[in-house]
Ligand SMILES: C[S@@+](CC[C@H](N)C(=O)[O-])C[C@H]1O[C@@H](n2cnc3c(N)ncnc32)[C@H](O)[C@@H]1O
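Read the single chain below, which is given as structure tokens and is the form predicted alone.
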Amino acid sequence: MPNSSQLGLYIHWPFCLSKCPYCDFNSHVASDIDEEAWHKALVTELHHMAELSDHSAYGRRPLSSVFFGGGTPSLMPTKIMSSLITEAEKLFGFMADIEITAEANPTSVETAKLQGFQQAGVNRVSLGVQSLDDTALSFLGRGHSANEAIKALELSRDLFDRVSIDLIYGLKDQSVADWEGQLSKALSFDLDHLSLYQLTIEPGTQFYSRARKGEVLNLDDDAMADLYLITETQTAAHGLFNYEVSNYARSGAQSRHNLLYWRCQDWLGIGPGAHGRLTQINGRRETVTRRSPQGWLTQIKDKGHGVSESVVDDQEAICEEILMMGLRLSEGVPLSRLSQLAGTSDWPFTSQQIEPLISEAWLSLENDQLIANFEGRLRLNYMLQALLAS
């Protein structure tokens, strides 16, 4: 079972000005939003989740993090964000060093709202820059220019103690020199956190439909690995370490909220399509809310919550999630935690499963931690198949 009583809160705002062709998140383009109805519904579901947490192994406890995701949270009216933060503090209390993050896009309209978010209580912002090249931004379907991104970044640094940006690399025909230049420019802002993602083609996206017709949209595995090596080298030279496969931070600046996910700890999720996890005496409860914004709103009115799935995972499912998420982290996975779940004091894996991965130097064992090395992080899917084979 998860070994921490920390609790986070995820709040999903599902609306966007447009749908990016690579995005498989639960996001929807809407021109007319009943703000009052959405405000009331989110508060209602927040109360439901607070009551649900009363029945967890740790009971109701102060929040260590709040994360506004989407969709595009920077389109959320500031008064709603402020109200939700205030209500969450009333219901749970906040840890003294709580991290409150809001994702934002660097369009001029959304950038103008950043000061309001700071006043609402947000103390960390994650900017969806995605590229510092206008041609790439057009290819990715983004609604801002590189110049707008830089202006939003400069303003964010003035307003918030902690700022992170997202960049996507591995676009078709992207050269080593292009990525080195973009990454160097991003690092010149001396940020303490970067999220650097390889472009992947996800089912259900516009890019997926185009790729099925034969269009090449991203680099092949070898070229992508070359850019990944450059990413590792340049970030390390600027004092940022790769604490998760796609996330780089200075010591102490890791995303506390996302670490809850990767360490398989507890969080509550409200809003359409939000997921949550709560440790219980008999396992770990997984909640999922309805994805459809209108369906979620209707269920809130009818039932007082939008939860469509609520199941208690057994130990095998928890073990699998800990392994899948934990091997993404540079700190690795505590074997003692897996052994406890597996009901054994010995290794939770057979020698046939793990020894070939260690001999290839894809995995290493340091004290109690099973850690994916650099070469192993390039082969995570393969390693997971080997470790999870029954």
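Just count from 1 along the sequence shown to find any residue number. Just so you know, these numbers come straight off a predicted model, no measurement behind them.
Just so it is clear, the following notes concern the form predicted together with this ligand, a form of the same protein that is not shown.
Proximity to this ligand in the predicted complex, taken as heavy atoms within 4.5 Å, picks out 123 to 131 from the listed stretches 298 to 306, 266 to 274, 90 to 98, 123 to 131. For a residue to qualify, one of its non-hydrogen atoms must sit within 4.5 Å of this ligand in the predicted complex; none of 241, 327 and 376 qualifies. In the predicted complex, no heavy atom of residue 279 sits within 4.5 Å of this ligand. Put simply, residue 287 is far from this ligand in the predicted complex: not one heavy atom of it is within 4.5 Å. The closest heavy atom approach of residue 182 to this ligand in the predicted complex falls outside 4.5 Å. Under a 4.5 angstroms non-hydrogen atom cutoff, this ligand in the predicted complex has residue 71 among its neighbouring residues. The contact with this ligand in the predicted complex, taken as any heavy atom within 4.5 Å, belongs to 142 out of 257, 162, 113, 142. This chain lacks the partner; the member of 178, 166, 320, 232 within 4.5 angstroms of this ligand in the predicted complex by a non-hydrogen atom is 166. Residues of 18 to 53 lying near this ligand in the predicted complex, listed in sequence order, are 22, 23, 25, the criterion being any heavy atom within 4.5 Å.
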